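Taking the form predicted alone, here's one chain by itself in structure tokens.
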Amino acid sequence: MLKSPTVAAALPTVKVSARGVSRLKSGHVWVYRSDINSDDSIPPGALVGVTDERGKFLGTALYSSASQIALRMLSPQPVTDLPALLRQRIEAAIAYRAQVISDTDAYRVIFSEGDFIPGLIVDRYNDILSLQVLTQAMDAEPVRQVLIQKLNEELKPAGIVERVEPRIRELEQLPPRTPGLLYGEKKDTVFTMNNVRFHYCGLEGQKTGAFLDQRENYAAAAQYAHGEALDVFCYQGGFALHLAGRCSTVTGVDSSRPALEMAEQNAALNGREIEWIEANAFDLLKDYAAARRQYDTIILDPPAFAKSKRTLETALRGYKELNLRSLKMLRPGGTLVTCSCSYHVSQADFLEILAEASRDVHRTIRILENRTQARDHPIVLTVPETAYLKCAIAHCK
């Protein structure tokens, strides 16, 4: 039986059930609260040694006293110096981006479990870094200082801003925190994706400020776009601006006025004429389909409909309605770019919904490309939660 007396002496120990051990052996890095036998005295966010029920050492993890994900594994080996490990993994994440990123100054620098730094998201927008902390361990002040210092040392940004998700902090039982500037003096900039320029306001907008996971899909969609285009759930104009150089007209639709105002500024920045419509997407598509409005290219990039398994059936109905109405509106030879960022909607489910919609409207579609998130959002095969974005580009007969 392999034990680690060094870790046992230096760190609190958490025992994992047989089910939890099986999950770890499969390559996953999460252990749920129902699969641990923990001591209530373990501090929130602590570094812990992990063993099976017989005391066999399984690795080192970060502990959460609040989340249903009680353990996030860091290493199968003993870890005695967390700051040193974090510095090494930040270096490795940056080195990985140097291999897969080109022609942009905006990309994800650290993707939580995808970069083996669970609970941390860091995005780069030109000379500004946007940081988001998701767990107790990453929110500990000594850890935060290591992260800021190392990111500054490696990337030399003009500013580091922190984005805050109040709901996540509440679930992790972390004190409220205000979004703000952590380092430097700059929080706004202009960044470039695929030769298209965008304004970035560090403390405004959704996610960390833009949808960097769609960067490669923006470029792919532009290759097939033509004629009159409709971009539904356009947000700040990511797809619409990429289509503007290829299509005769482009219309962007979103329910958020602030997002559309930023989209208008982005269009002006690129010298593009785009029509922006503030509307509920479901209502607009219903009205347009009934009025027999026709387009050559339609983009569907809705927010995540399935936040949990409980909402999966409702989400699937929503995706089907959007795709069905869009297929009714596509001219023969048209291009449909349809997306889902709901992890709980599998790729197979998503394609089946698209197939059902095509059957219901008696249209034949062919898949031109079946895509996922950009490469700076790496997918770890044994951690399926790292694969969440689906993007199908289809030709409609």
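Note that the coordinates shown come from a computational prediction; the quantities given were computed from them, not determined experimentally. Numbers follow the displayed sequence, beginning with 1.
Another form, the form predicted together with S-adenosyl-L-homocysteine (SAH), is not on view; read the next lines as being about it.
Does S-adenosyl-L-homocysteine (SAH) come within 4.5 Å of any heavy atom of Y218 in the model of the complex?
-> Y218 belongs to the contact set for S-adenosyl-L-homocysteine (SAH).
Does any heavy atom of D123 come within 4.5 Å of a heavy atom of S-adenosyl-L-homocysteine (SAH) in the model of the complex?
-> Although S-adenosyl-L-homocysteine (SAH) is absent here, D123 would stay clear of it in the model of the complex, with no heavy atoms inside 4.5 Å.
Contact between N280 and S-adenosyl-L-homocysteine (SAH) in the model of the complex at 4.5 Å, heavy atoms?
-> Residue-level check for N280: yes, a contact with S-adenosyl-L-homocysteine (SAH).
Interface membership of M138, S-adenosyl-L-homocysteine (SAH) in the model of the complex, 4.5 Å heavy atom rule = Judged by the heavy-atom cut-off of 4.5 Å, M138 is well away from S-adenosyl-L-homocysteine (SAH) in the model of the complex.
S-adenosyl-L-homocysteine (SAH): the contacting residue among P302, G318, P179, G227 in the model of the complex [heavy atom, 4.5 Å] | Contact with S-adenosyl-L-homocysteine (SAH) in the model of the complex is made by P302 alone.
So which of S256, T251, Q132, Q294 gets a non-hydrogen atom within 4.5 Å of S-adenosyl-L-homocysteine (SAH) in the model of the complex?
-> Comparing distances to S-adenosyl-L-homocysteine (SAH) in the model of the complex, the residue within 4.5 Å is S256.
With the partner absent here, would L86, F111 and F116 each sit within 4.5 Å of S-adenosyl-L-homocysteine (SAH) in the model of the complex, counting heavy atoms only?
-> No: no residue has a heavy atom within 4.5 Å of the partner.
Go through 210-218, 160-168, 285-293, 97-105 and give me the stretch that gets within 4.5 Å of S-adenosyl-L-homocysteine (SAH) in the model of the complex, heavy atoms only.
-> So the stretch in question is 210-218.
Can you tell me which bits of 216-234 touch S-adenosyl-L-homocysteine (SAH) in the model of the complex, meaning any heavy atom within 4.5 Å?
-> Stretch hits, in order: Y218, F233, C234.
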